[in-house]
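Each of the two blocks below gives one form of the same protein chain as structure tokens; they are labelled structure 1 and structure 2.
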Structure 1
Amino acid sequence: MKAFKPVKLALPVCGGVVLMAAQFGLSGAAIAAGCPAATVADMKGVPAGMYPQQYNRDEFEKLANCKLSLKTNPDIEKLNKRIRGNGDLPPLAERIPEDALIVAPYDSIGKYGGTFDMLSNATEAGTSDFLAIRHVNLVRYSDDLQTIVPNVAKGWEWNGDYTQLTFFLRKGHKWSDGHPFGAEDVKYWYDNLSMNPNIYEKPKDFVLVAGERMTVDVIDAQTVRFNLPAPKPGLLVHFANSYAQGFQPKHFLGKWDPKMNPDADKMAQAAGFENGLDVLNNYYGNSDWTDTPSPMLRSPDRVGKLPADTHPTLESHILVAESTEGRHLVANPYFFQVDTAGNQLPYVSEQDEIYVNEDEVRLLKLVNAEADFKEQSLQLSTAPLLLENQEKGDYTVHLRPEITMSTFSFNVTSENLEKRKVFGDLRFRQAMSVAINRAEINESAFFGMGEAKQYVGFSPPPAFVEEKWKQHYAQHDPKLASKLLEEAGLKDTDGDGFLEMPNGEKLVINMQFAVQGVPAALVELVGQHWAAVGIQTTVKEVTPDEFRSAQSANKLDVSMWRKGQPLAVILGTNEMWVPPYQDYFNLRTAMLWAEWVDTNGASGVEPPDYAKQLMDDINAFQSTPVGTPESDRLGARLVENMVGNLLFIGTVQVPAPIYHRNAVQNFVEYKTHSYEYYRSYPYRPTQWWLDE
């Protein structure tokens, strides 16, 4: 896979409207009527704007020297009637912002209509696949997964030391109920929801900077500023790749908060709810996750007494029906995006989601083309069947690399002191890494479609990751393994063909795993490979709950789970670089180093120097703008310490299928099969249309 360039955060510092205003001050050329239907495939001579594949309206009209004539979905009145609580629709010009976001479709100007069919697993389970299709946030990662571009915000501005982030919103932008959207809605989300102890017991990490809260200033109706207690360039990244949207409808949710409206509880009780916060929770789910159950599912007996079935949204579609079988959505009549020909997006009129939680049934439905798109929950093992039926089902499957890979980690702070000594010996870990026959794993477990790799911390590896680390001790070399084990003092003293620890104690490595974390076939092969160099192993499958609790209780010899994060995520969270190197639900090791760090050295085991260096470097790395030589230097040292010490041993990175029906137009091949950039969001599903 091609190496990814670092995210250029330095550029957008002066980006956004400030520069644009200067650029358009010189306007004056004659305006031709009707705009060229520019697409990414054929820009019809329209020059590129500040950001790839999209413009702000004034920028586009200036560059294309035209005036957009606006058009809307012919069924929009009918769709609007299905949104309970919405009044009659004003004309289109009053529904979209003055400076709407102009989207250049990939291949064609779309046709309105159709229902987009999706499969999810269950209520709130396996739904991000579908959520990402209607998702919006302040900004977005472009499909190169490097450039951050405007979305709800039309621009942004950092101050010099990354402690003030200002967003510029679009004038005339409206919520799906027609109420104006603005800076107040951003402040409301931060102050009254994210920081509200009645909503969140404890604020989420991503709304804090170095553990402290920010403040939010409303500069004017369309300008809002985050003031950070410490530099955090990653905050902008958060608003690009997180599910959590940096705004909520103050006019709608605020009236149920007793602190903002003294009548809140009375209104709520009149509708049969306990109090105002109960109603707020019914709508907002006390979570930024965007499909927590709506009142339609939560309180079907009382939802009729509430003013609307769901709270207003800025997304492309809005929920109109929900049950435990699935959901139904219709196009948001106030959606802020318009194509280059002046058509309001989305093209797709309705979306329908049904819940299927059985792998075989999901596969049957996909082969039968009963869904329009599927990425999440599709594993490489389903690829042969899906690929075989592509023509018959009139769909296409792309195999794209995942971000995580199955990774092993020896317990360097094992309770057994002799094991701690052995696992803590770098030569032992090197031996275990070269003992793994990654080529064989790739062939027999992954149809030869994967790529043998070492774990380097960043996935995909940015340019500052030196080549030598990507395959560091990842070759298959049993002789070298035996030599390293001998150097580490392991000998077969009892002649049973397996090595004993230096003190003569038997060494049997218990490999406990859960299939949710790593494939069984891979674990079994690695167990055999280690046995082949004289390390006795036993393999046992356990439930994810058992695995997690044993791992965090420091009871495992070796942990195994999928692991890997892209640069964009690492900028916002340091967990992969600080003992125990990830949260409770993922791959961890060195629990006693973590205890030492948490107790400031009062208990636990003191980590070695390289682990302390990793902690210092990740914090410095996060406060340094990406792409600068200083950031690259820190990044390179992070990789050197992480990979050089082989705390984590990588195996084979595999691709997974991404499915779409051929009727879905303007579909572009994805770069990765992953959650980390919020799934489909970078590939602009709002400009998909159905050719049926």
Structure 2
Amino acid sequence: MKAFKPVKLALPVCGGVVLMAAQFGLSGAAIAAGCPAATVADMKGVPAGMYPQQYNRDEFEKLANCKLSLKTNPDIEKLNKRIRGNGDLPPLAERIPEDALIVAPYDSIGKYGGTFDMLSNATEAGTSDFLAIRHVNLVRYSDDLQTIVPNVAKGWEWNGDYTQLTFFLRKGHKWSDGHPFGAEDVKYWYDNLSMNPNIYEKPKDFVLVAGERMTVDVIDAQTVRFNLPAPKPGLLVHFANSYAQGFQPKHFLGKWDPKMNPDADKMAQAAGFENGLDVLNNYYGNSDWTDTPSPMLRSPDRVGKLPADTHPTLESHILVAESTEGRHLVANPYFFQVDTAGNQLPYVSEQDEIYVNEDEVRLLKLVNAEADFKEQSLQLSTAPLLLENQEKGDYTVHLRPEITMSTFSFNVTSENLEKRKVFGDLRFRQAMSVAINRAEINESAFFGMGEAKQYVGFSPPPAFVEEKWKQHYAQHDPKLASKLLEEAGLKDTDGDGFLEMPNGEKLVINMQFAVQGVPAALVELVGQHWAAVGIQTTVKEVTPDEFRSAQSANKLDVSMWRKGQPLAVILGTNEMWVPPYQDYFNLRTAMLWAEWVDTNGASGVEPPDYAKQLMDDINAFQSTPVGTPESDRLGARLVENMVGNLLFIGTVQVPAPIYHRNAVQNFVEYKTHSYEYYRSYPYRPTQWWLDE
């Protein structure tokens, strides 16, 4: 299978707001009543705007020479009554911004109504599929995966050296409870939540620049500025592709924040909570992952004493019911997007998510067309059954390239000190890599559709990645594996065909995996390949939550999950290059190195020099203009240190299925099957509608 082409990194210096005011201001010419129902398939003569497939309202009305006639879901009043804490709705014109985001649907102006059905694994497992459908952030990637376009923000502006990023917000934008949204909500998110040690013990990398905090200035109600201690062009990329939204409702969460409200603790105790922070953590979930349980699930006995079941949102739908079985959401009556015919989005009235943790049961439900869409957790191994039943189930399956691939990482800080010595020996990791028969994996597990390769950190690899690293110790060579294992001091001292560690103890590698992260067939084959060179293994499937908990607790011998990020994403976050080398939901290793970094050496295990070099280089790389000789030099050294030390062992990169029922309209074929561009987010699911 041919690798897909690397995307260009599009980082406009200016979001174009100043230009729009002059170029697209309404003129005194005759204006048509009602606007043409333009779609991407048929723009009806409306010229392209500054950004693909979307406009700011004044821009669209100018280009189409019309005045939008606004309409809303006929059931919006009923839906609003299900949002506890919301009052009666004002007219639509008072619910959406003056400069609303105008979206051109792909093929058709939609019809309102229906319930969108989804499958997830568990409360916080496999839910990014669903979250990405209703997700919004300040900006997003367009569906070319190259161009960053406005979303919650109507524009942005960088200063000359990428140390100031200013966002311009939409006048009249409101939260789902009708309260005004603005610059103060961005500053509140950064200062009071992201940088609050009572919320996050350690700030996330994406809110820092080279390890240092930013400052956030409110210029006016709709203008907010991030001041960076060093250049970081990738900060804009973070806001374009991350689930972590750059805003939170200050009016709602702030009342429970003891730093903002001296009565917060008293109010919280009256509602049955320990203190204000307890309420904050029940709403905000002590996490920027917005699918953490709400108070409906965390504290059901106390929900009635709170002003709402879930905190207000800017997303297309808001949570109204939650249990251990699933979630239910209804359309946000204050959503800021409108189609070209003046219809407030979303078209779909309700969303329903159920939890099914068994892979086989999820697959059966898809074959029976019991879900409208599925991407996450679908592996290539499921494709034959899904494809075979397409016509019968009236659904469509697209096989799309993956950015990530299944990757293995030995626990170089294992609690078992003898295993730590073995796993920390580069010769052992080299042996384990060449012991893997990637060609057999490709044919047996992936129908010959994959590409055997080594993990190089960047996916797809930029030009600075030397060819030698792409297949570094990726050849199948059992003899070399045996030689390297012997050099590392492993020998079969009792004659049973399996190797003992240098201290004489039997080496048994326990391979725990979750099918959300890697296919079972691949794990079983790798276990056989390692056994063939004398390494005894056990294979056990666990749930994603069990895997993540054990991995983060430093309990695994070897971690395995999909891994890889494109250059654009790496410019915004350094997590792939700093211990533990990704977040809780993905592939991590060297947890005690991470502890040493987090405590400035007070505890944990000191990383080797190459790991320290990776940390220094990624910070410098993020502050250096892409494509310059210095950037390429730093990038090449990142690859050399990461791949040369085989912290992560790559296998085979393969396509994966994306499923949707044919009733879902305005659905387009995705460029990639990827979490890295946040799944459906570039493809504008707010303009999907159900034809049934």
Partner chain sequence: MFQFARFAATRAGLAIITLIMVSFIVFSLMELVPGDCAERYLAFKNTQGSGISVADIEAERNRLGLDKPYIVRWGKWIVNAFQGEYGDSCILRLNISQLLGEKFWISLAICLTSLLLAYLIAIPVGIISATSKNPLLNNSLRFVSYLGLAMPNFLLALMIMLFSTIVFGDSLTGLFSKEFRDAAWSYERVVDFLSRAWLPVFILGWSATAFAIQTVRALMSDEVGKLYVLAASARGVSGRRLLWRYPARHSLGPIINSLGFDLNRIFNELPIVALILTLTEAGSLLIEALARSNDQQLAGAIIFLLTASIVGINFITDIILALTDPRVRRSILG
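Given the structure is predicted, the values throughout are model-derived calculations rather than measurements. Numbering for residues begins at 1 and runs along the sequence of structure 1. By rigid core we mean the largest C-alpha set that fits within 1.5 Å across both forms.
- Between the two isolated copies of the chain, the first is the form predicted in complex with its partner chain.
- When each C-alpha is placed with whichever rigid part superposes it better, residue 399 ends up alongside residue 248 in the two-part motion between structure 1 and structure 2.
- Comparing forms between structure 1 and structure 2, one finds the smaller rigid domain rotated against the larger by 29 degrees.
- At residue 550, the distance the Cα travels between structure 1 and structure 2 is 12.9 Å after the core is superposed.
- Lined up on the core, residue 576 has its CA atom moved by 5.2 Å between structure 1 and structure 2.
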